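Okay, so here's just one chain, in structure tokens, the form predicted on its own.
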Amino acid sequence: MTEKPILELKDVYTYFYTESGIVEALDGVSFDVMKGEPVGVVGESGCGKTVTAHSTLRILPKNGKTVSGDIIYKGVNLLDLPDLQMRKIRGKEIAMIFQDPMTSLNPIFKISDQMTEVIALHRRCSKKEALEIAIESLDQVGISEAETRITDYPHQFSGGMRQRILIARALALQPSLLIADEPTTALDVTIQAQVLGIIKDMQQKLGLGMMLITHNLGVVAEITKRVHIFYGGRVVESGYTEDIFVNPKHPYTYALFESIPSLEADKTRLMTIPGNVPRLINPPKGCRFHPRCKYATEICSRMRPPEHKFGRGRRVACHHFEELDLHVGKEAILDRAAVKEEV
């Protein structure tokens, strides 16, 4: 029997209603995460990565709404659940690590208060037991003297330590699925590597399904098993990470790889993707990447490309993918990535 995904998004549309118009943030997004599998969600800022996470957890702002589609977690459509049932899943079953640890921790409460309250609520244990679990979790993510430091306030920790606290708080609830949304954005490179190493080790140790949202392709290459490439609120390419890195099929995926800085002698200038990420209030017709794509033809500007399936789980939405030869190579990406050795 084929194993079912722990999380599956099916043709999800999420819109934001603003004074300027309707923002089509997610436009038919479909992908899945298997049990115990680390999956990458990659793309430029504004392409829909974080909205995907917020739609899954149903924590969209008031002007946002998932208007159609299904988000299936362990066979249950999260979009159909009453708020009370969703609150029980959010945090305990599906945990999330947010981008900025300073805004995710309340500055006026001690770390002990912010961890034990959540643990006691979801794990139905006493405050004493919750404190023991919290200290153990902090110790697991590398915070020394956890018994003492747990009574400190967020401002008494460095950015890297605060991010470790968020990881500890998320994993203390023993979730089945972890969503990590750009977990190292606010950190310097060496601290990034340490935090990513912790996430990778804990994911493997606990056997978590994981959705890792990032724009760092070096991290994707080292940590994930499969990857989904986002552009303009759509998934343009999906597949096993190694397959996509060795042989990308979508021009946007290839352009992302080529835009990574290199120290190679023949790379005298930084390659860039021309143009800007489309405004999703009035997005381009047809393929949303066509205004920036050097391979675009007339059909790309008027018809949305169908999704083609091939190989071992490969999916690509491009009119011309069969005609293109876009080999890059995983090692070329890793050689350009700052985290190659550290992660």
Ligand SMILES: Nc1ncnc2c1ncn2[C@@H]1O[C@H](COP(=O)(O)OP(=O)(O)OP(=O)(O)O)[C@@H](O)[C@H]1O
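The numbering used is simple: start at 1 and walk along the sequence shown. Being a predicted model, the structure only gives us computed values, none of them experimental.
Although it is not shown, the form predicted in complex with this ligand is what the next lines describe.
Although the partner is absent here, residue 68 sits far enough away that none of its heavy atoms falls within 4.5 Å of this ligand in the predicted complex. Within this chain, residue 182 lines the site of this ligand in the predicted complex, having a heavy atom no more than 4.5 Å away. The closest non-hydrogen atom of residue 13 lies beyond 4.5 Å of this ligand in the predicted complex.
Residue contact check for residue 40: none of its heavy atoms lie within 4.5 Å of this ligand in the predicted complex. Counting a residue when any of its non-hydrogen atoms is within 4.5 Å of this ligand in the predicted complex, the hits in 39 to 53 run 44, 45, 46, 47, 48, 49, 50, 51.
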